[in-house]
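We begin with a single chain expressed as structure tokens, specifically the form predicted on its own.
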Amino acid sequence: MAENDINISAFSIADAPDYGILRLVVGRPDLALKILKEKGYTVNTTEVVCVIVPNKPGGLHKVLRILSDNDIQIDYMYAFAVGNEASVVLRAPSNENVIKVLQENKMELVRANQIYQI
């Protein structure tokens, strides 16, 4: 990734006895996909939602309560915190619905063009 000027903004690793899953949030995802495939990795892209929450007790709870109250299922999520804010990356069966509900509840979302700028 570094050799091709691709920034990894977030990642999550899960392993099983026979395989592992590495999830990456990267700038320039199309190029990252091409490079990883050329290197022989099994890879695909998945749309996710990134929401900013306060890095304090109850910050994540607020987002999860909003999603739960709107009957939104979460397939997976991971997060990281820096300073007063945490970024929560999540995948749901309908990311469009997640975005709509979070915006209606005045939650701050991270746009793809904020991940990486050339």
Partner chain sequence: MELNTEIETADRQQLTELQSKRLVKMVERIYNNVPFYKQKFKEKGIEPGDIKSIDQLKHLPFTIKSDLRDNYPFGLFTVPQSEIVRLHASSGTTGKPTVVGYTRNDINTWSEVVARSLTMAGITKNDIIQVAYGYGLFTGGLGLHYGAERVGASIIPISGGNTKKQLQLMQDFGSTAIACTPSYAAYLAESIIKEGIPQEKIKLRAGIFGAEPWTEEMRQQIEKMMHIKAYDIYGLSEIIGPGVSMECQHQCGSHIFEDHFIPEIINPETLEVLPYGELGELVFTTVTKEAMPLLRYRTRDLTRLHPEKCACGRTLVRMEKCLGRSDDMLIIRGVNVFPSQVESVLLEMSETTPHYQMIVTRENNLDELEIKVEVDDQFWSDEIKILEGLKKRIHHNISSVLGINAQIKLVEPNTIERSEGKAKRVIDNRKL
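Every value quoted in this text rests on a predicted model; they were computed, and no experiment measured them. Residue numbers count along the first chain shown, from 1.
One more form of this protein, predicted together with its partner chain, exists but is not displayed; see below.
For the three residues Ala14, Ile21 and Gln73, a heavy atom within 4.5 Å of its partner chain turns up in the predicted bound form in every case. By the criterion of a heavy atom within 4.5 Å, Lys37 is counted among the residues contacting its partner chain in the predicted bound form. Taking non-hydrogen atoms only, Leu31 never approaches its partner chain to within 4.5 angstroms in the predicted bound form.
Using a 4.5 Å cutoff between non-hydrogen atoms, Phe80 does not count as a contact of its partner chain in the predicted bound form. Taking the partner from elsewhere, Thr46 is found to have a heavy atom lying within 4.5 Å of its partner chain in the predicted bound form.
With contact defined as any non-hydrogen atom lying within 4.5 angstroms of its partner chain in the predicted bound form, Arg91 is the only contacting residue in 88-107.
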